[in-house]
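Below you'll find only one chain, the form predicted alone, shown as structure tokens.
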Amino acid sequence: MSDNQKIFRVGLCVSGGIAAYKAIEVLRGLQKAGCEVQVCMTRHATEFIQPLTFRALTDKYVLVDDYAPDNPDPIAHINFSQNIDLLLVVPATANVIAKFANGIADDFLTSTYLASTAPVLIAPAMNTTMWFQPATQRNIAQLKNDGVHFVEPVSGRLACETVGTGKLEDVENIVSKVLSLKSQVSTGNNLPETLDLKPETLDLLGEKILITTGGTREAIDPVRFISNHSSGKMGFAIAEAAAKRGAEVTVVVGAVSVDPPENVKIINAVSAQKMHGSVMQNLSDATIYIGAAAVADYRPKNVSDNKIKKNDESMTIELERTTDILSEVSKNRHNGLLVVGFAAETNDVIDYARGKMERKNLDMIVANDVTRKGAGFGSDENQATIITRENAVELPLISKMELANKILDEIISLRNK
């Protein structure tokens, strides 16, 4: 076997949290990708899952204690740490993170961390309050400064029945992070000094973001309505990305074709009138407003109480203007509120978007041509130009999640100014 084909060796360290069982799935994913895995565990981890499980899957002794009578290697923490290409901790508890950050080595796992020269990748999992504690965030900042890399936890329903950030990242994404590192390795022993594993940041902590998304439905009669092709994907992507970056997010949702993220507050409002009412009711608490919904400009002036029968060859419906939610938000803005709009156009996109931004006194607008292939309603990708009063940033066709983060980056830039 040539140097370029050497097996990538992962030291999988399992600490004592309820997510310990997911380390089994991580192990299997790494093995399927051709990695060699050896496992160590903390004593508390063995209360959630037995070492025998990992031993059966790896055919290797699972290290818990250097001094265990059955341990074949009396200096295992040295030999274990020096014979791996990556030290991977799944899950990492707040306690283990604190020990790593402060140089404490009171068990096999923490001793191995101090003795290892391999890159370290940590996947935390813990209660939301523990994750956001200043002490935990200080410890994480210290470890990042030391060169440790993180697979940040995600938001969702936790074991304690609360909903928030602290859930272990999906197994597939953890394995993907490891493999992205493996692909950079030129030999089995030489690793890059810098890993291309950009962690999520919490740069939106303290912000309360109110978002509208989806289309609205304007009733003609109890059966029929006027609507549009909006799926809600873009607004939900912004909501999910903002929550991951620490914001408190409320989404006023119209008619959508996708499920909302779990980590945000949802308010259902299908018609333009109901959406307007929900937005104005929640506006005073918001620090950022993002109008990503495709709100109907007109609605039937008279709505029939009964289904309209098919009698004539044609039918005329008189329409009236709906309330312009974005303009109302801008007119009623309080100190510090940033107002962001969207402009979905089919021609003269930039000019129309700039005009809309000026008329409605917006801080920023996101313009996109819905006629472009791959960038229209319902697509998983989008191509847009982010416009502020000072500049315009034209973006290529990218995923809606990538665009969401680009939009949030520009909002943070506005906030800093």
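Position 1 is the first residue in the sequence shown; the rest follow in order. Not measured: the values here are computed from a predicted model.
From this point on, the text means the form predicted together with a small molecule, which you will not see here.
Checking 145-153, 316-324, 84-92, 171-179 against the small molecule in the predicted bound form, the stretch whose residues place heavy atoms within 4.5 Å of it is 316-324. The small molecule is not shown here, and in the predicted bound form it never comes within 4.5 Å of any heavy atom of M234. When the small molecule is considered in the predicted bound form, A125 lies well away from it, no heavy atom lying within 4.5 Å. When the small molecule is considered in the predicted bound form, K60 lies well away from it, no heavy atom lying within 4.5 Å. Residue contact with the small molecule in the predicted bound form: D297 places a heavy atom within 4.5 Å of it.
Checked against the small molecule in the predicted bound form, the candidates R55, K32, R389, R359 yield a single residue with a heavy atom inside 4.5 Å, and that residue is R359. The contact with the small molecule in the predicted bound form, taken as any heavy atom within 4.5 Å, belongs to A293 out of A293, A242, V251, L109.
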